[in-house]
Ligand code: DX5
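The form predicted on its own is given below as one chain in structure tokens.
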């Protein structure tokens, strides 16, 4: 297995010094920068949106990995792509049908970004299988989406293992990302299960040894 991709989540950054925080994780070796967008409807929290993404999308050289936890991904996907999302991941549960999921995937690709699909902890992994040949990424939530700093849900690993086997057996070019409660211990077992991209927030931000922490969870 290749070296893990690390995606620090700026949800846990100190927004008084956001540019400096972004510089720290980039200099520490992170490849992706993860944006958690919440609308207060799909999830019970509000974070930040298009203006924040647009203002910082080009102030670094990492991949802008944007996760939209919003109720109407088809409506807003073009705006996030135009604001600088390199990868735009939306939720299966935010769509009313498989046809709508495919429409959002096609729309994201039309606007030049890679498309990701995420599922909540309570959604069975089989729900993503019809879309894998169209997707660039599947994001498995290992906490309930909405708030940072939650504990890792161990049952998420079963989804990773199932998906890893399915992708490899069918030679599908789709990355597996995991988000929620990732630290030195959970990052290691997630990697062993087959994860390609580790999203980490509170484990990285707010600490002086970010580079060492990144190397530990690789």
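Numbering follows the first chain given and starts at 1. None of these values were measured; they are calculated from a predicted model.
FYI, the form predicted together with this ligand isn't displayed, but the following is about it.
Although the partner is absent from this view, residue 200 contacts this ligand in the predicted bound form, with a non-hydrogen atom inside 4.5 angstroms.
Interface membership of residue 121, defined by any non-hydrogen atom within 4.5 Å of this ligand in the predicted bound form, is ruled out. Contact annotation for residue 47: none of its heavy atoms lies within 4.5 Å of this ligand in the predicted bound form. When this ligand is considered in the predicted bound form, residue 145 lines it closely, a heavy atom lying within 4.5 Å.
Checking 187 to 195, 160 to 168, 25 to 33, 61 to 69 against this ligand in the predicted bound form, the stretch whose residues place heavy atoms within 4.5 Å of it is 61 to 69.
Shown here without its partner, the chain carries 11, 38 and 150, all of which come within 4.5 Å of this ligand in the predicted bound form through at least one heavy atom. Of the listed positions (104, 87, 117, 141), a single one reaches within 4.5 angstroms of this ligand by any non-hydrogen atom in the predicted bound form, namely 141. In the predicted bound form, this ligand lies within 4.5 angstroms of at least one heavy atom of each of the following residues of 158 to 188: 179, 180, 181, 182, in sequence order.
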